[in-house]
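One chain is shown next in structure tokens, namely the form predicted alone.
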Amino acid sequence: MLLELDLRAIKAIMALVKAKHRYDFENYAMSSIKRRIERIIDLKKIETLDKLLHSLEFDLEFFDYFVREITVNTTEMFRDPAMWVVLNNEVIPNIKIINNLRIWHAGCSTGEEVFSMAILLQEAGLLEKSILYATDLNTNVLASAKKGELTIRNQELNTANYERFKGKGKLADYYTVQDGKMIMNKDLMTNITFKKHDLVLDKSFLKFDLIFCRNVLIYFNMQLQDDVIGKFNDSLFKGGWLILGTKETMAFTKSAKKFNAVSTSERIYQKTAI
């Protein structure tokens, strides 16, 4: 009989992971965490809590697998094309005057979003004066993103999204296909810096003109969402921009009054200049 999770077991798992490995999942949404741990239990046929805790503490390969399963890495290029249209029409014209443009993609996963932004910036003539910081908790997806290699199975979806965004060329202009992978052009990668960053435990590391954090907050409880939005507020220059996922909001957070909504439907906000 496989292990059946209850609240006590989940708290024991989270406490060990935090104490041993400095990964803090305690304020992630409970329903999401429970569902993902149950999937691990089912796939690995784990029968007892002691066995799971022992593996998490002493088996680094298993722990890496655990982190990959717990963190969410579903993404695509130009995801939600309507957001990219608003970004291009409403935000890009306002940041063209900024020299040394700094952009942070928090929770970048395998890089599809940051590569999309690099394409948009190149088409706007801004890539050469921009630095894009792409961060994630999961070192495995960061390693993949740093190579600029995307799975070919999303090629049609990525292309359709770009066409709906109405880019200036063809998405195929920005990559080559090798060994069943989409390899992003090197000129897109030059100004991208990839680094590990934990939104829960790590502090702000720079000031930015634009921050993306899309489809990450939905996996956090309300307290952690409030903390992270506060961290983004501290990380933005006055007049900077914050973009969340379409199912996310900052309305209930302490920092909400410090932002104006540029697009409520696409969750694009601008930090007030005062």
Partner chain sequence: MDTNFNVIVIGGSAGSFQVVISILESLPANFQVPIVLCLHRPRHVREGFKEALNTKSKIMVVEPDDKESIKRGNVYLAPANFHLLLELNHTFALSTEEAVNFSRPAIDLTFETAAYAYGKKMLIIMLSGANSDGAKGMLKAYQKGAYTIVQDPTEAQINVMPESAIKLFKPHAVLSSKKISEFINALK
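Note that this is a predicted model, so its numbers are computed, not measured. Residue numbers count along the first chain shown, from 1.
Only in words, not in the display: the form predicted in complex with the partner chain, which the text now covers.
S.K.: Is the partner chain close enough to Asn88, Ala124 and Phe259 in the predicted bound form that each of the three has a heavy atom within 4.5 Å of it?
M.R.: Spot residues vs the partner chain: no contact at all.
S.K.: Find the only residue in Lys195, Lys96, Lys129, Arg164 having a heavy atom within 4.5 Å of the partner chain in the predicted bound form.
M.R.: Contact with the partner chain in the predicted bound form is made by Arg164 alone.
S.K.: What stretch, of 184-192, 99-107, 154-162, 138-146, brings heavy atoms to within 4.5 Å of the partner chain in the predicted bound form?
M.R.: Residues of 154-162 come within 4.5 Å of the partner.
S.K.: Answer yes if any heavy atom of Leu242 is within 4.5 Å of a heavy atom of the partner chain in the predicted bound form; otherwise answer no.
M.R.: No, no contact at 4.5 Å.
S.K.: Is Lys34 part of the interface with the partner chain in the predicted bound form - any heavy atom within 4.5 Å?
M.R.: Lys34: contacts the partner chain in the predicted bound form.
S.K.: Phe220: heavy atom within 4.5 Å of the partner chain in the predicted bound form?
M.R.: It does: once the partner chain is placed as it appears in the predicted bound form, Phe220 has a heavy atom within 4.5 Å of it.
S.K.: For Lys247, is any heavy atom within 4.5 Å of the partner chain in the predicted bound form, or not?
M.R.: Yes.
S.K.: Taking the partner chain as it sits in the predicted bound form, which residues of 251-267 have a non-hydrogen atom within 4.5 Å of it? Please list them.
M.R.: If the 4.5 Å heavy-atom criterion is applied to the partner chain in the predicted bound form, 251-267 yields Phe252, Ser265, Glu266, Arg267.
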